[in-house]
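Next up: just one chain, as structure tokens, the form predicted on its own.
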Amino acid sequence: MNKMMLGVIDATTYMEPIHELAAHRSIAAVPFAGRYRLIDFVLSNMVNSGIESVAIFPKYQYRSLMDHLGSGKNWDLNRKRDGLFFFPSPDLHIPSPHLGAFQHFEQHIDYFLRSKQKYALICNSYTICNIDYQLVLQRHIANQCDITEVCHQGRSLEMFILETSLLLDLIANRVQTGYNSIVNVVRDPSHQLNICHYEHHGYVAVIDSVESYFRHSLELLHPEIWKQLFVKSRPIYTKVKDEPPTQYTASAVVKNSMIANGCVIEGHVENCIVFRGVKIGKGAVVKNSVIMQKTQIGERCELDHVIIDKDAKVENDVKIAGTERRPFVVRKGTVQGALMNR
């Protein structure tokens, strides 16, 4: 049963509420948890569930996503047979109304026709959890379902299992049926299909806005949540980067924070997620914030409830404060100077 599923990750979604973090990248490539990208979680779940063929369907700003995934080596998907496949949409001007858009799949129909896996698993790229899809498949087969939808506390996680042959039929007949996506099929009460639901009881985070990104990021500082998401027997894989350990100087103070490698910490850091290669200057106080890769924070700065995107710079003596509901976002590659204080 381990090789019976085909993995399909729909990375075409664009959501305005998360635009500040996804203006220059797809949502799937948004950094998370200090060293990962959002897509790492669904992709690792697939690999840990024995899936050896994964197709990723991106649409917007997918250069950073391709750079992150590469050949799929870090997920053991650089294979002679099956492996990792990347299928960008040629129709960037046509919006995808729902996850699993059949028009996008039809443009790369050869992938599905050549696949030998009996079942297909369709997922979005921005749901964070640690789930064994083999258990979902077993329930799907035992209950003789046509489509199984994974839910959490009654909410759809936009993860669906169905036979590949049924998916091909739905794609081929989309004009006659009016179904444009797998979501259309499941939500239509008039169809004759047997739709089942699988309840996932572990930790789940759906990243669909800046507020949800900020809230779920800081949740990881709670050990009980971290242990649910990062399980030794089901690791989350990501792109490997060899960097030195983080350097803490004599003036550094760090409390309840996650600090990735390659950083230089000279200031006070509390309740923060700090990514690789970040520098925090002497006398700086950074609290309740998410600081992404290679950010430079100057001396005597005061930051609270802030998200700083990659490669940004905060100059000396800058004060920035957001709130839990509205964190202040410093965009990728920008500079915040003392004259820009808010």
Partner chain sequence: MVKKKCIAMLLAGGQGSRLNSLTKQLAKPAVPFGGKYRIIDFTLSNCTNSGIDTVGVLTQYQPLLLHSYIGIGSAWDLDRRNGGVTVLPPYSEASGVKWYEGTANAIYQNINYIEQYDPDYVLILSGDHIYKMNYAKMLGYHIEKGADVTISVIEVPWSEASRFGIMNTNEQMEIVEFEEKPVLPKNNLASMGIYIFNWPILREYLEIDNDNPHSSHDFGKDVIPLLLNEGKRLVAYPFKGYWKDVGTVKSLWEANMDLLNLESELNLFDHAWRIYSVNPNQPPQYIASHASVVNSLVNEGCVIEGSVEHSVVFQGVHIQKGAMVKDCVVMPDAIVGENVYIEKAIVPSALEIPAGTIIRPSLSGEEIILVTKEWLEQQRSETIEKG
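Positions refer to the first chain, counted from 1. Model, not experiment: these values are computed from the prediction.
Absent from the display: the form predicted in complex with its partner chain. The rest refers to it.
Only one of Val183, Cys145, Val150, Ala260 lies close to its partner chain in the predicted bound form, with a heavy atom inside 4.5 Å, and it is Ala260. Listed residues Met46, Ile307, Ala33, Ala312 were compared with its partner chain in the predicted bound form; Ala33 is the one with a heavy atom within 4.5 Å. Heavy atoms of every residue among Lys73, Leu221 and Lys255 are located within 4.5 Å of its partner chain in the predicted bound form. Only one segment in the set 175-183, 101-109, 209-217, 242-250 has any non-hydrogen atom within 4.5 angstroms of its partner chain in the predicted bound form, and it is 242-250. The closest non-hydrogen atom of Leu168 lies beyond 4.5 Å of its partner chain in the predicted bound form. Using a 4.5 Å cutoff between non-hydrogen atoms, Val264 counts as a contact of its partner chain in the predicted bound form.
Heavy atoms of Cys129 never reach within 4.5 Å of its partner chain in the predicted bound form, leaving it off the interface. For Ile236, a non-hydrogen atom is located within 4.5 Å of its partner chain in the predicted bound form, even though that partner is not displayed.
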